[in-house]
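The chain below stands alone and is given in structure tokens; this is the form predicted on its own.
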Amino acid sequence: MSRIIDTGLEELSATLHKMGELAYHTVLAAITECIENRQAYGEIREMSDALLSMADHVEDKAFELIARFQPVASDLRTIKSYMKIAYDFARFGRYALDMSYTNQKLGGIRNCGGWIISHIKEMSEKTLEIIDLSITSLRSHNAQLAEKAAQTEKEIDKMYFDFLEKLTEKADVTTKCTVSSVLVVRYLERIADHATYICEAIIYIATGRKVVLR
């Protein structure tokens, strides 16, 4: 027998699914702009703002459910996790916007050496991979799938530090290129972290276990 609170939880879940899809496309747009030297700041800004608005809606709805229905422990666990996931999706949008701003103000990576562009492309692919993993895990509340984020996150961290180490060894790169590329890989690394946080929240929803995948 369904409960009244279940309708509200389903609404929150549906909003998060929409946020996940929008967050993925926002990050993809920022990566594409960076690598292909496109101009997409306005589009990315709109998507980032939409994610923030949706996160606010999730928070408001979550507090409404708590205030009206006095949810049991398992419901509170889900509501708390949904609020956290909404915040993480909103952070995807913010970092994507920061990437776009870097591209606009500093010229992005278009004048960087081939190895820099190649490294960022590879790191971008891994970042999109972990975002997709977090979204897929969310749809099914699949804890086992979510746990796979740990390995991908470690790979992205390694790529980040490998990049910094190699960049330090290259004395011939321009200042703008150095700043742009360091910021871009940092934003990608942070996006991957937030995708991992989402997977941790999904495991908590599904099993009640608090795990650290980082």
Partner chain sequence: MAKVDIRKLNVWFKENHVLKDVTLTIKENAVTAIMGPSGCGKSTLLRAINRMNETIDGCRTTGEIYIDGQNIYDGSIDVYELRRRVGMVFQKPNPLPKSIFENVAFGLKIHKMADGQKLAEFVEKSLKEAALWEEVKDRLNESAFSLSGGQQQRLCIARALAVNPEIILLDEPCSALDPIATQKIETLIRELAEKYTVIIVTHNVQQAARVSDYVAFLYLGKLIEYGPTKRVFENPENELTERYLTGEFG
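Residue numbers count along the first chain shown, from 1. These numbers were taken from a predicted model, which means no experiment stands behind them.
The following text describes the form predicted together with the partner chain, which does not appear among the structures shown.
Scanning Q70, T32, T174, Q39 against the partner chain in the predicted bound form with a 4.5 Å heavy atom cut-off leaves one residue, Q70. Note on the interface: of 132-140, 119-127, 74-82, 95-103, the segment with non-hydrogen atoms within 4.5 angstroms of the partner chain in the predicted bound form is 74-82. Though the partner is left out of this view, Y24 does not reach within 4.5 Å of the partner chain in the predicted bound form, counting heavy atoms only. The closest non-hydrogen atom of T207 lies within 4.5 Å of the partner chain in the predicted bound form. Using a 4.5 angstroms threshold between heavy atoms, R214 stays clear of the partner chain in the predicted bound form.
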